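What follows is one chain in structure tokens, specifically the form predicted on its own.
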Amino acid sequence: MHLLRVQVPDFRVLKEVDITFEQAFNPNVFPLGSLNGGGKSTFLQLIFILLHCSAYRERHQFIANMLERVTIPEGQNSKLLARFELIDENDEKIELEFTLCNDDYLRQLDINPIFNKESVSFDAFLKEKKLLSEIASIEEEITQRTFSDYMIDEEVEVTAEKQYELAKIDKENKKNVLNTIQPLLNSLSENLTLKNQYYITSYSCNGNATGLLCQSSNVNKSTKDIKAILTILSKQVFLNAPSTQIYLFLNNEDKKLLFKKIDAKRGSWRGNYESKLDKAKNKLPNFLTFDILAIDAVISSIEKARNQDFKTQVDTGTIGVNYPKIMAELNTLTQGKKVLPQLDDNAVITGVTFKTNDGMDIYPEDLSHGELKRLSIYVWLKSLPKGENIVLMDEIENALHPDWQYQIVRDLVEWGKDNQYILATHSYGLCEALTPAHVKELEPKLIVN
């Protein structure tokens, strides 16, 4: 996929944004600049969350978190959130529009009159989501109770059995309520399909339910096509950014933790911003923060190369070249230093070590932040699926020497030549490595709230 154009009429600091990323430009790297507060990070996060999360229900909460302060203007029933133009691997143009709608929008659809007009609401989707979550929790509880051993004491055993029966009754009651809601939701979905719209999710803002819909303005595109496109995009868009960034797709309480004192009683890790960010990364597979050294990714890349060589030797009787190649590439990323795997007695890779060219050990404190970051970016990009990925990177220049900021453009192309890169940056050196036409700019706007 190649992202051709992004339009954002009005989202937080982003006002009347219309940026093109020309397919014919070489290299396929686009710096995105602005003053502090110009919305670069917001822009990248909005692209990532809409394209990475829309196809999967379990990621929809991140969309809701991102949009929780977004309202539809009074007197209107919809608001365009963002418009994307893309080119797929077959050079076919794809146009996607993400629109926020309120209940008035739904009530203008050709809904079966058997449904009460007041029940025609995005709130019904929220109720369905809540009921499904509660039913899943009860089913998990029932499963655990089914396979647990009751205590010998008869009185406790009766109590446990009673709780088990009550849980089953609660589950059936919730299923009955769900069954009364779903016919309406099916009718709404059918009507939206006729309008070539795909329902994504709903959220509550100021007590009002709001829905997010996606529409393809391409001729003859069906709702099924839209879902298929969103599923493909979810696997091909990536976000890499600093861990100290404020991420709009976290919930309000998690975001506030960045500015709160750590509770010593709860420990230095539990309940802080970094721990919440780690949980988000576990649910968003294409999201990675800039860590000092992505050691797991380094080890994975070495193991993969070693395993490929072993398979080659088994299949053909010849020694493979993948392991020497990956080690040679890793060793070019640091200045006068070698990266070597650490092995246990069973030849399992447990870590990495650094040595000078003459074999002397190098201690972790002797490695610069910039060297480790460059190494981390390299192994991360090498781990991405092959093909045309859309890679969004925020403040990539941090900790890099000006020469490396200039060099990083060439590095990105070399490490992932088929990818498209959109880089939020303050680096003149990075921008100077490209033509002025490559560089895109956002004008800072204040949030009126």
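Please read all numbers here as calculations on a predicted model, not as lab measurements. Note that residue numbering begins at 1 and tracks the sequence as displayed.
Another form, the form predicted together with a small molecule, is not on view; read the next lines as being about it.
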property: Touches the small molecule in the predicted bound form: Lys440 (any heavy atom, 4.5 Å); result: no
property: In the predicted bound form, Val17 touching the small molecule (heavy atom, 4.5 Å); result: no
property: 4.5 Å heavy atom contact, Thr42 and the small molecule in the predicted bound form; result: yes
property: Touches the small molecule in the predicted bound form: Leu430 (any heavy atom, 4.5 Å); result: no
property: Stretch in contact, per heavy atom within 4.5 angstroms of the small molecule in the predicted bound form, of 413-421, 382-390, 52-60, 34-42; result: 34-42
property: Output flag, Arg69, Glu395 and His426 jointly within 4.5 Å of the small molecule in the predicted bound form, heavy atom basis; result: yes
